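The chain below stands alone and is given in structure tokens; this is the form predicted on its own.
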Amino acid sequence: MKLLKKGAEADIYLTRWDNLPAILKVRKAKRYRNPILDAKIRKQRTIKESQIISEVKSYGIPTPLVYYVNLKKSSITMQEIPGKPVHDLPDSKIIELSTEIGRLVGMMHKNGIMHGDLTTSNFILYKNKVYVIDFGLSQKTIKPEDHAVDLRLIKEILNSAHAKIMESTWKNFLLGYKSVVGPTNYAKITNLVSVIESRGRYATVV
């Protein structure tokens, strides 16, 4: 077993399942929380994440297969997607794929799922298909405000990690997104993104 990533919420390992490469995600105990409460929170979040990964797959969104959920250890063993994170692809490819990414996010939102961590590292290109990973912060919500928070985050990521191609990628993303959620919801959610941005812009530090 090889440690791939240490995160604030969980550690990610490369392991094997049924002799296949697999990913093991282990939620870490928080020492500042009451141990009983901590165990309950980690268990609930592990259940929710594994359920959402499987649920979004039923909407036609490519996600890893969940192999095994260990509630005692608050861990999920899932399929390894051996492709490349969109974050690491050439600019021209990121621009090309951003319409599809927008479409996938639109499908999640249309079905009442907020991803919660929309970064270009959480989309993986494998065999010409874009997979969505890391549903650790996801939640079921139909609130346009929550969906706007998702869009605001990916816009920020494009602005910081892919500044040179920000305009093209964002434009394509919105085209894909609108094609799924429809013009009415699109107008409502993108307007809320502007509202969130204006709050940040005029916030004063006391």
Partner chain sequence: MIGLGVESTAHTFSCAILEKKGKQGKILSDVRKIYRPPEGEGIHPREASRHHVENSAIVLSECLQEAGVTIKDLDIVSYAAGPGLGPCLRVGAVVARSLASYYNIPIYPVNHAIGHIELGKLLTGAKNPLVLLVSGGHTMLLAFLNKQWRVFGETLDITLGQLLDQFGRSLGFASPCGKNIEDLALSTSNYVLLPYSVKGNDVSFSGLLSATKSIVQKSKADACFSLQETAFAMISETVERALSFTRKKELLVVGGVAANKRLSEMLQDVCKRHGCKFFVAPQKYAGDCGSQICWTGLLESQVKKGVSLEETFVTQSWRLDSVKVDY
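Just so it is clear, the model here is predicted, and its values are computed rather than measured. Between two forms, the rigid core is defined as the largest C-alpha subset superposing within 1.5 Å. Residue numbers count along the first chain shown, from 1.
There is another form of this protein, the form predicted in complex with its partner chain, and it is not shown here; the text below is about that form.
- When you look in the predicted complex, the only residue of V56, V181, L174, I157 with a non-hydrogen atom within 4.5 Å of its partner chain is I157.
- Although the partner is absent from this view, I142 stays clear of its partner chain in the predicted complex, with no non-hydrogen atom inside 4.5 angstroms.
- Its partner chain is not drawn, but in the predicted complex it has no heavy atom within 4.5 Å of L65.
- Proximity of M1 to its partner chain in the predicted complex: non-hydrogen atoms within 4.5 Å are absent; the residue sits far from the partner.
- Taking the partner from elsewhere, T99 is found to have every heavy atom lying beyond 4.5 Å of its partner chain in the predicted complex.
- Counting a residue when any of its non-hydrogen atoms is within 4.5 Å of its partner chain in the predicted complex, the hits in 24 to 50 run K30, R31, Y32, R33, N34, I36, L37, K40, I41, R45.
- K171: CA moves less than 2 Å between the shown form and the other one after rigid-core fitting.
- Positional change of I189 between the shown form and the other one stays under 2 Å at the C-alpha, relative to the superposed core.
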